[in-house]
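As structure tokens, one chain now follows by itself in the form predicted alone.
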């Protein structure tokens, strides 16, 4: 049996706990949270602690905390020469304290506590300082996911950047679309079929082939109408519209705005 400890209690830590806890070959020794009230709902399932000095020995310590806190937090861990990994997409493995063995266990997905996630379909990107620990992380990853990739720091950073574009930025565009609908008293749910189709289409087509819309067609009248509408009702979003439209125009060999 593999023994693990989870450090942190945010969205990722919670989903990671659920996935690891469901595996019959993994035992979660402890779950550390600076504020144990945030994971109180799991207190009958796992030993929850709030003092790092109470940490017991485990095969792997999963550090699922904010990126900026990883270096200082792992330096304070009260032990040496154990395997400590972080779960960040943008933080180099070297940010972890060198007093322990270091690695990365990065599930490439967006997580919200309120929404169930099937970990089996989530790609897990791993990195380690030596082959022994790389094999260990791959073994653990394979217990909860069907896809585990050996990815170095620079590749992982690139994946994280790409994920920000296709997830975080796209979600913000959904928010803008929602506001446009609200301002014009149109139900946002009318757009859900096109959202679904856009997602499905990208599974079969290269993004450059899937692109449609006025910028792809170089439909300047429609573009100007959109800009005028935004300037009248939601001027803060005009610059975003112009930037994205210019990028699409440039991609397909058209003159930018």
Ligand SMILES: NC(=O)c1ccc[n+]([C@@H]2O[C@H](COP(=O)([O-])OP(=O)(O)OC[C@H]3O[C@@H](n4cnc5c(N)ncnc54)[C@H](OP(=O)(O)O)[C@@H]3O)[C@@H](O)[C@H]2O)c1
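Residue numbers count along the first chain shown, from 1. Nothing here was measured: the structure is a model prediction, and the numbers come from that model.
FYI, the form predicted in complex with the ligand isn't displayed, but the following is about it.
- 87 is the sole member of 140, 96, 87, 124 with a non-hydrogen atom within 4.5 Å of the ligand in the predicted complex.
- For the options 220, 34, 216, 40, the one in contact with the ligand in the predicted complex, meaning a heavy atom within 4.5 Å, is 34.
- Taken together, the three residues 65, 70 and 106 all come within 4.5 Å of the ligand in the predicted complex, as judged by their closest heavy atom.
- Interface residue remark: residue 110 is counted as part of the site for the ligand in the predicted complex, having a heavy atom within 4.5 Å.
- In the predicted complex, the ligand sits within 4.5 Å of a heavy atom of residue 11.
- The stretch in contact with the ligand in the predicted complex, judged by heavy atoms within 4.5 Å, is 26-34, chosen from 26-34, 208-216, 40-48, 194-202.
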